[in-house]
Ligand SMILES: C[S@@+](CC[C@H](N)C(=O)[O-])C[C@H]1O[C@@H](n2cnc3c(N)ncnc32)[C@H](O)[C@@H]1O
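Take a look at this single chain, the form predicted on its own, given in structure tokens.
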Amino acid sequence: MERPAWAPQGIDLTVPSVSRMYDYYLGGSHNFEVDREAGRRAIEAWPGLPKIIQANRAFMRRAIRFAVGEGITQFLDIGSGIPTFGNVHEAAQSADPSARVVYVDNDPVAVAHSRSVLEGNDRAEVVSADFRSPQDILYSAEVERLLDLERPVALLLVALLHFIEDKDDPWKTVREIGDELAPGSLLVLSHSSADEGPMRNVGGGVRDVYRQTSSPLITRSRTEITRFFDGFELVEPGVVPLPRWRPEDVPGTDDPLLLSGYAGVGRKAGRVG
């Protein structure tokens, strides 16, 4: 298989990557045929998947605007994927030009493309690290340069945790990262679920596709997802289906298709400042 000029060396072009599949769903160009083939099979199993991805991104942008409205201008986006139009730094810096963003991903294509996109932006950087190794993130040169962890930070775990298996105890890792954040920090989280919507019927087929990728897809219940907010106080309306988190007159909030995941924002308790 021919390696595109933009693809870093050492990438296995025979294994689909969830971040490159996500890029494919959003119409991006930084993916390989193996990613597109897996993406097509996932969409065949679940035709509504691209719509869910778009709803997820829309939630993320609403949560960023909420954070800026709360006076938070520091963002740590773990599992950030491949930057496409309307990503975190664009949304945050359009709301407040002083906003600082650190992206984190373990996919070499995502990291390389992020560096290219962010060139010349001295308020945004990318770290090559894995969520499961929080110290590599929190003590990275990029975080130390851009983020002041003694002031509130918005921690974004958007469409990430459903790729972290129970055996890796993602609840513990979220707690470890949250413990290092200042009071008043926000946890912004979305996660797939089969509690409601068509995922109850098609989830098996979608999970079969993702088992062939770098990261299997794990659906969790609303109760399991809410546990990620331990140590944080949920802001209204709590943990709800994606389009129902503070909708902004967007049609389709009752579309059953979009009930296949939950989203929420929590604020770390304690005295700010």
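Counting begins at 1, following the sequence as shown. Please read these numbers as outputs of a predicted model, since none were measured by experiment.
The same protein also exists as the form predicted together with the named molecule; that form is not shown, yet it is the one meant from here on.
Relative to the named molecule in the predicted complex, residues Glu70, Ala92 and Pro152 are all farther than 4.5 Å at every heavy atom. For the named molecule in the predicted complex, the listed stretch (129 to 137, 94 to 102, 177 to 185, 142 to 150) containing residues with heavy atoms inside 4.5 Å is 129 to 137. Screening Thr173, Ser193, Asn106, Gln74 for any heavy atom within 4.5 Å of the named molecule in the predicted complex leaves a single hit, Asn106. Taking the partner from the other structure, the named molecule in the predicted complex has no heavy atom within 4.5 Å of any heavy atom of Thr219. Interface membership of Arg62, defined by any non-hydrogen atom within 4.5 Å of the named molecule in the predicted complex, is ruled out. Of the heavy atoms in Arg57, some are within 4.5 Å of the named molecule in the predicted complex.
Contact annotation for Ser19: at least one heavy atom lies within 4.5 Å of the named molecule in the predicted complex. In the predicted complex, the named molecule lies within 4.5 angstroms of at least one heavy atom of each of the following residues of 161 to 179: Phe163, Ile164, in sequence order.
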